[in-house]
Each structure stands twice: as C-alpha cells, then as structure tokens.
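Presented as structure tokens, the chain that follows is alone, the form predicted on its own.
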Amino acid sequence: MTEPPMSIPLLEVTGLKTSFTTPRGTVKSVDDVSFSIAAGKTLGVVGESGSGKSVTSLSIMRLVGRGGGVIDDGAIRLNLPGQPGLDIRALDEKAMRKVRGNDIAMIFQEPMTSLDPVWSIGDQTIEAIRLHQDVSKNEAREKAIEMLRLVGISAPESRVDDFPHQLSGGMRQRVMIAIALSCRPALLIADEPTTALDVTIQAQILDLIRRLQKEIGMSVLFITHNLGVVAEIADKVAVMYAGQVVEEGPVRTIFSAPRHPYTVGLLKSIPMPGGMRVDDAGSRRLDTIGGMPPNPLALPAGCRFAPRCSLAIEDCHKAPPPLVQAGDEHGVRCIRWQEVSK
C-alpha cells in the first residue's frame, strides 16, 4: 500500500453529526465531531460509555443506519493513493461495500458475536478475501492461512478449519484481526478490541496491532475507555464527552498538560500510584469524577461537563464553549482551560 503525501491526512472527519430517533425524542449521539488521522498513525478516541465513540466509528463505516441512526451533517473523506478526497457520505451502498473491508476494516470488542458460529474461521476469512480480491478459492485459502500465521496463530494449516467455539477469546480476537487485515486496508478501526480479554492477552493484542501497523503501513482509529491503553498505542488522542470532542492533541501533551477538567479526571482515575489519593483513614483510593453524564435527551445549554465540573462558573452554564487552541495541535473545549492543571 502506497501512502498518500504526508501533508494530506488519510482520514478527515469534519463537523460530523449523527442522531437516533427514539419514542422519547432525538438523541444527538455525535455532535459536531472533527478529527484527522495521518497515514501510518494512530488516533486514540477515549471517553466514558455513551460518549459517542462507537457511533463515530460506525458513522465512518456507514453502518449507523442499521441501528436506526442517521448522519445529519458533516464530511467524511478518505484520501487513498490516486484517489484523494473520496467522499464517504456521497457513496451509494454498492460503492460503500467495496470500501468496507478493503480500504477501511473494523474489529469489534467481542469476537464471538462477530464470528459466525457455524462457519469455520478459514471460510470466514476466505469470504472476506474473495469479496474484494479476484482470486480462486484455493488461492484465498492459502492467503487465509498466511494471515492466520501473521497474527500469531500456531499451526494455521490445521487451525484454518476450526470453528470459533474451539478457540480461546484471545485466539478469536486474532482471527478477527486476520479477517480485518486480509485485504491490507488503509485504515483499521479497532472498537474496544481488548476490553473482554485478560491483561496478558490485552498486551499481546496491542503488540500485534502495533507490529502489523508497521508491516502494512496502515492508519488506526483505536476506540477505548482506557487511557492506559491509549498511552501504549496512540500518537494522538481525542477525548469525547456527551457526543463531543472536548480535548485533542498529541499523546504526550494530553498526558503531561491536559487542559480540560474531564481529561484531568480521567487521568486521575487510572489505577496507578499517581492516580490514587489517600483518604482520611490513610487508605489509598482511586480518584473518581463525581456526578453522571447528562441525559442525551436533555443536554445542558452550556458546557456539557459543567454540572460535574469543580471549576464551572456561571458563564459555563450559559453557552456551549467552542473548541479553542491551547497549544500546537492541542485543542480544548473549555473557557477556563488556562486555569486547568493536572
């Protein structure tokens, strides 16, 4: 895969808005989200459950409609070699099917719900290959074995005929990665791919994604609620809260000099010595963010984090704060960002 010029991001998302209509009203799951991913780089998208991370990824894949969602506004552009400015929203479903799996691939949190239990892992990998590549079934089978070997599955020649229930959780996730990467996509979207796995297997999967990224040269959109994972794998971070990006920037900047109170709260809640406090009884406890995320059907008029923020003032409750520059490649959605410190 030939990378696009370094000055042009591989993926550009601008002003993305996605909503769901419910019997109780309209939920704005993604509200004016913008970011870009450079060729060969990783963007980590982090936030609590319900912050809009997964809906953002499904919007990029044009899959929200299957769950009743609608992309209301915004642009999603993919800059492929020889095909810059591919407008994802403008593609009809037939053209979009050619993009899914071939140019953009996705792996999900729970592989057992993504893999068909009555098909062997080889048949499912072969299907993905033949859908996008003009190869025979035998050639696709050899490629499937090659991909299983690439993701670290031992004895792939025999394992290719196994069914999902015959594999461990970590092995099934490796199969999902093999299927996703079988066509050498330009962009891999990984939606909480390690959450259901134990810590040792998590580390192996992260190492695997990093290694394959270098070998294939793909970009990665890595979605997680775990900032510790982001520190391991990402080049840049976008922190989401209540459907919006509230802070974005290089990993080192976000970890060393966060400027949004929500980001500071997430960092302090990481289970490590620096993220723990000593209570009155002398016990070490994790810091927590007080309160609850806002009701998506009744969002605050001002800053969406203001009801939980210790720095909030009257102006914070009046109008939505814009995303302002707090430094080089560092954006923050907070009117008091200069007073925020880690």
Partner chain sequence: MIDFLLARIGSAIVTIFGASVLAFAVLRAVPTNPARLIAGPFANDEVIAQVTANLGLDKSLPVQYLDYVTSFFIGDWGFSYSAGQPVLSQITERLPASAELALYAFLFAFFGAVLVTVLVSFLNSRWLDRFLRLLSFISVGVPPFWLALLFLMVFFERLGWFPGPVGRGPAPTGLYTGLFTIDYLLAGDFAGFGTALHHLALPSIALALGPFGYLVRLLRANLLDIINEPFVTVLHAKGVAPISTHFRHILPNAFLPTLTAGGLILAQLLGGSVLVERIFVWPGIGTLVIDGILRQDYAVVQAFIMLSAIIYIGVNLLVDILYGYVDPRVRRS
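Just so it is clear, the model here is predicted, and its values are computed rather than measured. Positions refer to the first chain, counted from 1.
Just so it is clear, the following notes concern the form predicted in complex with the partner chain, a form of the same protein that is not shown.
The candidate stretches are 79-87, 212-220, 116-124, 138-146, and the one lying within 4.5 Å of the partner chain in the model of the complex by heavy atoms is 116-124. The partner chain is not drawn, but in the model of the complex it has no heavy atom within 4.5 Å of A75. Contact between S154 and the partner chain in the model of the complex is not found at the 4.5 Å heavy atom cutoff. Although the partner is absent here, L311 is not a contact residue: none of its heavy atoms lies within 4.5 angstroms of the partner chain in the model of the complex. Not displayed here, the partner chain is kept clear of K236 by more than 4.5 Å at the level of heavy atoms in the model of the complex. Comment: the partner chain is not present in this chain, but in the model of the complex one of C316, A39, M61, V33 has a heavy atom within 4.5 Å of it, namely M61. This chain appears without its partner; in the model of the complex, the one residue of I179, V245, A186, A190 with a heavy atom within 4.5 Å of the partner chain is I179. Contacts of stretch 120-149 with the partner chain in the model of the complex, defined by any heavy atom lying within 4.5 Å, are made by Q124, E127, A128, L131, H132, listed in sequence order.
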